[in-house]
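Next comes just one chain, in structure tokens: the form predicted on its own.
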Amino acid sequence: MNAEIIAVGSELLLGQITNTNAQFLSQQLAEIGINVYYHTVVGDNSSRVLDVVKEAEKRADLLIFTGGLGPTKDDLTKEAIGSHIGRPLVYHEEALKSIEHYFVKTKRPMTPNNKKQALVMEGSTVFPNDHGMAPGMMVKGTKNFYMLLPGPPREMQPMFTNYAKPALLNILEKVEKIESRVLRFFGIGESALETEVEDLLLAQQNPTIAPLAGDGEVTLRITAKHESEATALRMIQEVEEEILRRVGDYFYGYNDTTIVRELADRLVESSQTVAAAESLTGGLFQSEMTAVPGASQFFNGGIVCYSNRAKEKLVQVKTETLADHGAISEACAIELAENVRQLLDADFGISFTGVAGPDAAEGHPSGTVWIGLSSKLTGSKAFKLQLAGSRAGIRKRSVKYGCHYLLVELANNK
């Protein structure tokens, strides 16, 4: 079964609210093997709603509508759908009694238009609204199923979970599980990663592989569908192993994790600590570290040393180093990392120095970054980057690169 999710509401098109309903429904439908290929948003206009419905009927078995079931004149979803498929609206007595009881309980007068919320399409399966007034419903047309749900997520989500989802399971001939796993990579660009797995992308059927890039990272989502959850997971595992055989050096974690979270976990597992000296990142690395619960287990502390004077006074960088090499240099990055490690008694010291932009500094263009890394066991080194983008983007990616270099160091010294 294929589904299309249609959100009705001009407020969505105006950007006044976010369409979180579509995300929730897509996740829920995937669990029972219903494919979602389109999300559509349409305003409160009968003719435009019908235009959308006619297109959706051509490409989906199940049309799920959210919104437009309320008491006002612009709430027109069930009127439009009922007219389109020849189903008159009738009062649902239980829903009407529930609405009347609400107004008695709250000691408020019930205006006539509130009765409208108790109208349902004749012959439909009605879903009670345990957290609001308007019931939901599902009805079979000539070829398609039509499901109507309220717009507020606090009403829609429990209605779908408790009533609509079981109703869908009853009409499915078989339940196929859709399982997904996201592989996260850092230190390799989207085009480079895609080149390494191009033959897998070209040959994909089931499982499918979808690349996505953002914030200096690349992800690959592997999705498999099968009646057996165990079989779907095995299919994913086989594809994952082949991908990691090719680009595993850049892999750092799964699904919704972050590179900061993974670094924190690896440091805790190895019972090691890190300290930071930050110039161009201005404390961003320290902020990311301490945002992780339990940061005191792996993060000893840090120093923001933006000016050269601060580098000398707070992190004890030699005056000669700054005079001979400058602050934006391999020598300075290494000295910062070594000194902050010793000053704060950590297993690792990391430093960030460079030009976040937009202007050049010390003759170096914007995006020139040095990251120093000092270890009690393996000594010190520095990595040079030439990043592009905004000032904020350069600072953010510098922190991610720092986490990446630390993860590699930890992996090499297990």
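The first residue of the shown sequence is 1; numbering continues from there. Superpose the two forms; the largest set of C-alphas matching within 1.5 Å is the rigid core. If you're wondering where the values come from, they're calculated on a predicted model, not measured in any experiment.
Unshown form predicted in complex with another copy of the chain; subsequent notes refer to it.
The stretch among 274-282, 330-338, 232-240, 77-85 whose residues place heavy atoms within 4.5 Å of another copy of the chain in the predicted bound form is 274-282. With a 4.5 Å cutoff on heavy atoms, Ser307 counts as touching another copy of the chain in the predicted bound form. Within 4.5 Å of any heavy atom of another copy of the chain in the predicted bound form lies no heavy atom of Val317.
Among heavy atoms of Val36, some come within 4.5 Å of another copy of the chain in the predicted bound form. Proximity of Glu55 to another copy of the chain in the predicted bound form falls within the 4.5 Å heavy atom cutoff. None of Arg245, Lys313, Lys105, Lys143 but one reaches within 4.5 angstroms of another copy of the chain in the predicted bound form through a heavy atom, and that residue is Lys313.
For the options Arg266, Lys115, Lys177, Arg221, the residue carrying a heavy atom within 4.5 angstroms of another copy of the chain in the predicted bound form is Arg221. Residues Leu12, Leu13, Leu14, Gly15, Gln16, Ile17, Thr18, Asn19, Thr20, Gln23 are the members of 1-24 with a non-hydrogen atom no more than 4.5 angstroms from another copy of the chain in the predicted bound form. Core-superposed comparison between this form and the one not shown: the CA of His39 exceeds or equals a 2 Å shift. After superposition on the rigid core, the Cα of Lys73 moves by 2 Å or more between this form and the one not shown.
Remark: with the core as the superposition reference, the CA shift of Arg48 between this form and the one not shown reaches 2 Å or more. In the predicted bound form, the separation between the C-alpha atoms of Arg59 and Leu201 grows by 3 Å or more relative to the displayed form.
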